[in-house]
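Here you get one chain, nothing else, as structure tokens; it is the form predicted alone.
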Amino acid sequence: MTLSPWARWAMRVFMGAGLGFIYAPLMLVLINSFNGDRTFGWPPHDFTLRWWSSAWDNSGARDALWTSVEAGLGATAIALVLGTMVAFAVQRFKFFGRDTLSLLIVLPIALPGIVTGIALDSAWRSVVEPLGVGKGLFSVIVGHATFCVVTVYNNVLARLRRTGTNLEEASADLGAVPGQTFRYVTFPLIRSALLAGGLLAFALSFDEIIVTTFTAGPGITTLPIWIFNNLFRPNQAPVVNVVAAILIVLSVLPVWFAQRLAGPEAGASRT
């Protein structure tokens, strides 16, 4: 489609306005993490690294960061296994209810987080706790995995649909057993999709707060929850800005790497 010069300039202006609307608040948080003024006067009169030093010395923030990493890695591991298995089942086999299964796998990422959180809380209290398993880090990992599975599933399914089965059939015709075919043919084909899906799953888990609120046990504090709990404490405001800046970076990097690895296939996001 050919656009006039005025139309191209209008599209650029609207695109710039949209990006500014999205990213200007994030940039404000990053700049304020270096703002020497404790009240965050604007524009900043001086810049300092002392808030970063204070954040590093804050044991609560460090513990929350490590808890978020543990939860993210655990949820990503579960999502990689379950999402890959379901993607293979849906793409490689025909069975009754296949489309329904695909819908049920994708549904958790479309549901509001508070609905997922309430459902998980009710299920845990009614089914799991009577078995002697209380809420803790494991319940957070399970809760995050329910929607992280979707990102892995979408990425692997898209890759399987694009590659088809010709190479696998050729491998079988040459005498390779299923394990060899998967190791030398299938896995190299889906490896980047797995990595992209895993990175997106980790990013979703790392900044999740609503589901975490309903599934976390006593003493379990992730980084987003720590930020929320300290947001309105004046003496913690500079440290909160630094931690929020770290959270932004640690959330953006996996998404960026996933986009580099899988392109449009990695575009799934939580709504």
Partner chain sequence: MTTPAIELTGLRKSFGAVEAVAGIDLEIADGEFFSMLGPSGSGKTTVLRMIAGFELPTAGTVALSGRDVTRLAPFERDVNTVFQDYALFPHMTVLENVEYGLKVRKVGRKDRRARAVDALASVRLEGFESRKPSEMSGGQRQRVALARALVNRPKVLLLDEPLGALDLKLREQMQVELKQIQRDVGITFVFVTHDQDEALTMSDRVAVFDAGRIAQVGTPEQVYEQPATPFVAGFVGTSNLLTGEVAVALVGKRGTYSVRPEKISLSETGIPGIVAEVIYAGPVTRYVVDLDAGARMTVVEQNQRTGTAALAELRGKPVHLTWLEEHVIEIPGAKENTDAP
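Positions refer to the first chain, counted from 1. These numbers were taken from a predicted model, which means no experiment stands behind them.
Same protein, other form: the form predicted together with its partner chain, not shown, and the subject of what follows.
K.L.:
Which of 152-160, 184-192, 125-133, 69-77 has heavy atoms within 4.5 Å of its partner chain in the model of the complex?
P.N.:
Looking at the other structure, the answer is 184-192.
K.L.:
Is there any non-hydrogen atom of residue 166 lying within 4.5 Å of its partner chain in the model of the complex?
P.N.:
Output for residue 166 is yes: heavy atoms within 4.5 Å of its partner chain.
K.L.:
Answer with yes or no whether residue 171 is in contact with its partner chain in the model of the complex, where contact means some heavy atom within 4.5 Å.
P.N.:
Yes - in the model of the complex, heavy atoms of residue 171 and its partner chain come within 4.5 Å of each other.
K.L.:
Indicate whether residue 176 is a 4.5 Å heavy atom neighbour of its partner chain in the model of the complex.
P.N.:
Residue 176: yes, in contact with its partner chain in the model of the complex.
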